[in-house]
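Here we start with a single chain on its own, the form predicted on its own, put down as structure tokens.
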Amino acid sequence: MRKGSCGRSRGGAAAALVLVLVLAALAAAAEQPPPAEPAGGAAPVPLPDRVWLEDTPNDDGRQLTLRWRGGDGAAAEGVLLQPQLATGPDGPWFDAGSPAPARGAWYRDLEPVYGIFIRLGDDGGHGVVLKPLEVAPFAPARLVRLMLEPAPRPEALAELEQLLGKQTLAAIRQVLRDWEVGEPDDLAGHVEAKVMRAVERLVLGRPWYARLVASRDGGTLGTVAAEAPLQPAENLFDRRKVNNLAFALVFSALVLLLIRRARRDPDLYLRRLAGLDAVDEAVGRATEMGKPVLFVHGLNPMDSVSTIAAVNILGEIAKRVAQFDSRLLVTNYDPIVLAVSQETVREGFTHAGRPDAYSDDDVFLAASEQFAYVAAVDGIMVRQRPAANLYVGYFYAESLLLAETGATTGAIQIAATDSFTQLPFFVTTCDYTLMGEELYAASAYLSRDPLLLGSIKGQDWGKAILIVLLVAGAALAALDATWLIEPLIKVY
């Protein structure tokens, strides 16, 4: 019993000794002085090495781009850079955007107040797009309200004179007099728009000064001003989109060259489209059976690209029907499309040497409501049982109703549409289906017109070039080949 008691006494003493040592270490740490600050009494401030203003490309003269380089590093933790604007070198200065972190990180979570932050490259360069007219003291509406006050406060006028100068204020007053604006109620409609635009020009038509203010926890650490002032100006050319201009020029040259080649060789190769190859078969079958060919327009109006393509195809179909001495029925949903279709079919019959075979009664307005149109066309299919049904244009929910009814009559069915939501229905119910861009190529395929052939071939070459560029770009990105990409994207 005594041996056990002694063991417990020694264990308690050891625990007490450890507790005393821990408390002593904590007390010693608390008494140690804080780490010495570097010479000068403050932590180093990572201010940018260079700050400058540039005109923002391709804008309407309302924006400036404030840029800076350098100043990034470990010491920048917690430091913010606040862009500011002024109309004079000595201020007064006004915040022109949300503060940006001084470190070289992309501002994914930054919500700018007046400006849009941008990254200039991986070398630590950054910038912010500043909009002087959105900074509160320079807002045109605020300036006009101050001018229209019956008795403006002397301090407000003094502030405006300091900000914009007496000449600018006199010019703004003259604008208000010219438009006979004496009180806020006089500002309405086009008068307000004209006055505000004039005030905007006066405000922006002066040099602007900018600077960056570094701060941490609300305290200012330092300031770096831009190298020189700058005045916003309208830009007609955006250097960032030179690649689009280059591709447009190359694409246009390709189209023109291929049109010239197509004029020399009308048999220029185009990929075979089975649905169009079957047109002659369908028209020939209708002639043999003594039954008509039914051409069904989509529901889009005449200003739709798919409807224009459908009318072009209709013209070629009309020529073939006239040559085979058959009958062509054309149903229409839109009155304007009806008028164009009648003229197109008449021209096709005339071109084939059979103007007497054309009848206006065969090109008609079936209905001007979607499902009434479907009912009318289905009725024609059931009663007259055409030997060939052609569905060309942009279709909606009526596609399956039309194609299913046509399938029950045993007709050859050919569909051509760029409505991707209706393609599955046509594919399953029609004998041949032209999908997407094949609708636009069909008129060139049928007519062999050099202008259309050259345009189609030029588009194909343009797509091939884009595919090569996309594959090459993906490969360069996978290989991290920044040596080629960086010069192109470094500035913007």
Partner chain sequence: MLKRTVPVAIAFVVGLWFVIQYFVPAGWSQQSLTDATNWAKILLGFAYILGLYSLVHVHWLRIRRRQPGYGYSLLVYLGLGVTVALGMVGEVEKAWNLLAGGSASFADFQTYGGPNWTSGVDWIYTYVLYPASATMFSILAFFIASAAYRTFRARTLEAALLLVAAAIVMFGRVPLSAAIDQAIPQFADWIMAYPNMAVKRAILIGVTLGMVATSLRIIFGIERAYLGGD
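Rigid core: the largest C-alpha set superposing within 1.5 Å between the two forms. Keep in mind it's a predicted model, so treat the numbers as computed, not measured. Residue numbers count along the first chain shown, from 1.
There is also a form predicted in complex with its partner chain; it is not shown, and the following applies to it.
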{"property": "Exercise: D55 in contact with its partner chain in the predicted complex, heavy atom 4.5 Å", "result": "no"}
{"property": "Touches its partner chain in the predicted complex: K319 (any heavy atom, 4.5 Å)", "result": "yes"}
{"property": "is_contact(L423, its partner chain) in the predicted complex, heavy atom dist at most 4.5 Å", "result": "yes"}
{"property": "Its partner chain contact in the predicted complex: R216, any heavy atom under 4.5 Å", "result": "no"}
{"property": "Partner-contacting position among L133, A278, L146, L365 - heavy atom within 4.5 Å of its partner chain in the predicted complex", "result": "L365"}
{"property": "In the predicted complex, the residue from A141, A339, A171, A225 that sits within 4.5 Å of its partner chain by heavy atoms", "result": "A339"}
{"property": "Heavy atom contact within 4.5 Å of its partner chain in the predicted complex, the stretch among 301 to 309, 203 to 211, 287 to 295, 161 to 169", "result": "301 to 309"}
{"property": "Contact check for D265, Y358 and L446 against its partner chain in the predicted complex, heavy atom at 4.5 Å", "result": "no"}
{"property": "Contact set, 153 to 190 vs its partner chain in the predicted complex - heavy atom within 4.5 angstroms", "result": "D185, A188, G189"}
{"property": "Displaced residue check between the shown form and the other one: G406, CA, 2 Å or over, core reference", "result": "no"}
{"property": "Residue shift check between the shown form and the other one, rigid core fit, F251 Cα at least 2 Å", "result": "yes"}
{"property": "Flag for D356, CA shift 2 Å or larger between the shown form and the other one after aligning core", "result": "no"}
